[in-house]
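Below you'll find only one chain, the form predicted alone, shown as structure tokens.
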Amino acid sequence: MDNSLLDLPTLKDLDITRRRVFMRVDINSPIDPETGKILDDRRIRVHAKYIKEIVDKYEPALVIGSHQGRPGERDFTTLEEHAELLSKYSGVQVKFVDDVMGPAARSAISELRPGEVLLLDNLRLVSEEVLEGAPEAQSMTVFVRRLSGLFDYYVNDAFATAHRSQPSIVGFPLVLPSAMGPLFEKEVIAAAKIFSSTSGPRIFILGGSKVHDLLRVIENLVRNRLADRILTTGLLAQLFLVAKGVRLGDENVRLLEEKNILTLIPRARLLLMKGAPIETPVDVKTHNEKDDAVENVSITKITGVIKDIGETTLEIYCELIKEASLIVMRGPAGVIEDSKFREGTLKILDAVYNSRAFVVIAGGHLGSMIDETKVNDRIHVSTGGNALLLLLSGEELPAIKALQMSKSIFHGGKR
């Protein structure tokens, strides 16, 4: 990552005071498939805070766009409840229109007054918003062409979607003066700290189910010497244990095979041979389905399905965390859907809260385990787990590229 990440245009580069602004956010939330109601509104609460700040400071006629789920899936629904929750948490009345770019939406946008807020319906009701493409092509979509003339500025405050290349993310910046919003900016600053940190120990705690992505992250961390220790948990830890020649038992190997993880063994072994600072568990908690027994066993005596890291591993990892100056945590340590296997994740989180390090926790399933009463200015909880993961793996994020292009077009490449 180069320094241009910190040189993206911000709200300070635009004069949005009492102007008409389209702001992309990400309030995509878990939905109860039975009731259609929102199960976890954390993202909505976070965005509500920044919407309130923007309205109080600039009084724009603020139109908000977001998606919810994907067409054909059970969480694909309207944003009416999202609007109610945004109003509740921001203290600002957020109007809702059950339209995206048709006559009702365009009329509501045109009639919006400074200081008022309007939420459009689920952007993925528009078929173009489901497709990905180059910014130049997305700027020519009917969606962008139909709405862009109604706005003075575009703001992207949806870092969680920064890895997508859809019209609402990469199309508008090419036709409107654009900037990242305050939440996006906060995410970028946190990511920049990860890349610029030189004092150690710099500890990465990586787990969860996205093993293919995590391996790319590790390869980039090792290549750029960004990590002093990489503490592995979950399926990622199992991959490296197998790469070390540890026998995990037929059930665990079968699971790795089903998830196409065994194909990654040569890459894992290469990292180990290069001396990558990768730590693996010395014991694990397993579950034997026959008698429903939970055991804490050494990795040399594994029987049953691995569900969490073990007690000795926890002690070792927590001791290492105490000394860290930078901590990045992604993914739970165990199968947190089962209360019997949450201890590893919760104890690691407690060690992280109590450390002296600057901490970045990369959202996702881990977000549901975070004790928000223990989060402070030293701890950044990212709303964009996948986007942050890809940024750490060295990939260029489409949203960032589009904002850089917009800066060149409308700001002459200068701040």
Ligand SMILES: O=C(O)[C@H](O)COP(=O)(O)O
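Residue indices: 1-based, along the sequence shown. Computed from a predicted structure; not experimentally measured.
Absent from the display: the form predicted in complex with the named molecule. The rest refers to it.
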{"item": "Site test, Arg20, Arg106 and Arg145 vs the named molecule in the predicted bound form, non-hydrogen atom cutoff 4.5 Å", "value": "no"}
{"item": "Contact residue in the predicted bound form, chosen from Ile299, Val117, Ile321, Ala160 - any heavy atom within 4.5 Å of the named molecule", "value": "Ala160"}
{"item": "Arg378, Lys57, Lys374, Arg70 - the one with a heavy atom within 4.5 Å of the named molecule in the predicted bound form", "value": "Arg70"}
{"item": "Options 162-170, 146-154, 88-96, 218-226; stretch whose heavy atom lies within 4.5 Å of the named molecule in the predicted bound form", "value": "162-170"}
{"item": "Exercise: Ser355 in contact with the named molecule in the predicted bound form, heavy atom 4.5 Å", "value": "no"}
{"item": "Distance check, Arg202 to the named molecule in the predicted bound form, heavy atom within 4.5 Å", "value": "no"}
{"item": "Residues within 4.5 Å of the named molecule in the predicted bound form, restricted to 368-386 and counted by heavy atom", "value": "Asn386"}
